[in-house]
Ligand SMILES: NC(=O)c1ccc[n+]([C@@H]2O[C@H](COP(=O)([O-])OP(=O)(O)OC[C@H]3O[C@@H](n4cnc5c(N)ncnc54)[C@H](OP(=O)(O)O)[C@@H]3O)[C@@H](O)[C@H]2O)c1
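Presented as structure tokens, the chain that follows is alone, the form predicted on its own.
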């Protein structure tokens, strides 16, 4: 089978296309025949770090979609032939989704309905689970996403044209929240509107705090934050009492400095979100809720859903990484032959 591997840390050039034997699933594992592999920012960031000491090589990418073609012992044989989306394939494992067949634990291959295309399945995983976690960590919240669970809640998504931002807008809308998002250009504003945001604010041309408070005078309850250091002052200025700033990213070397006295009256909470190390019960709830959203048609991809797709063949995995690293807007996918 064709696989992309890396044996060292570095730029996109460390990714090599090789031939490997088709693996056999072990106890509790399924083997997926991959159709599409999703590329995330954590994939190129991890590529720049050395491999774990116990690995001599690794196939990149956490997310993907395809069909289960074999199951190991202790797995229901009826799963063979099932369309699935795969999440967290390469976390502390050598088997990512940038290859024709991959192995994952049974629970990390989730049924994908017939109406959902493989490109949607490959775009779920880390972005959608991260968005779910950010939307469910506020005090007194339901801990899950479903129709009505965020009714009466105002959500601010920083960077609504991003991949996590897009998933957060769609999930928050499905759950009944009022959704505001900030963007940096008219083109990104169009994408955020397509995703379903109720109010889109261009922070480069508008007074963001004034625009947000005009739409939500009582303030924002949940922040899905991509740049906590840069946006801390804005977040404090528009926070409702008991709000949470759930931040999942930041620039290289970015520092978060919290204005203590102005944060106190709102009982404002700053919460980091790193989906790989979220406790298992919360992560499993996220998987269940995201799967339900897909079944309900509440999660979509493509420019009409605010998430343009950028597709590369497997042999151009290095180009896919370079495009993402250079800031392409939308979801980067690999088509697996």
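From a predicted model like this one, the values you see are computed outputs, not experimental measurements. Numbering follows the first chain given and starts at 1.
Not on display, but discussed next: the form predicted together with the ligand.
Taking a heavy atom within 4.5 Å as contact, would all three of 41, 184 and 226 count as contacting the ligand in the predicted bound form?
The answer is yes; 41, 184 and 226 each reach the ligand.
Please tell me whether any heavy atom belonging to residue 87 falls inside 4.5 Å of a heavy atom of the ligand, as the geometry stands in the predicted bound form.
No.
Can you work out whether residue 48 and the ligand are in contact in the predicted bound form, taking contact to mean some heavy atom pair no more than 4.5 Å apart?
Outside the cut-off, so no.
So in the predicted bound form, does residue 286 come within 4.5 Å of the ligand, heavy atom to heavy atom?
No.
With heavy atoms only and a cut-off of 4.5 Å, decide whether residue 214 touches the ligand in the predicted bound form.
Although the ligand is absent here, residue 214 would stay clear of it in the predicted bound form, with no heavy atoms inside 4.5 Å.
The single option of 136, 170, 154, 130 touching the ligand in the predicted bound form, heavy atom within 4.5 Å:
The residue from 136, 170, 154, 130 that makes the contact is 130.
Answer with one of 222, 164, 179, 145: the residue that has a non-hydrogen atom within 4.5 Å of the ligand in the predicted bound form.
So the residue touching the ligand in the predicted bound form, by this definition, is 164.
Contact segment among 244-252, 77-85, 146-154, 102-110, judged by heavy atoms lying within 4.5 Å of the ligand in the predicted bound form
Careful reading of the contacts points to 244-252.
In the predicted bound form, residues of 258-293 near the ligand [heavy atom within 4.5 Å]:
Result: 273, 274, 275.
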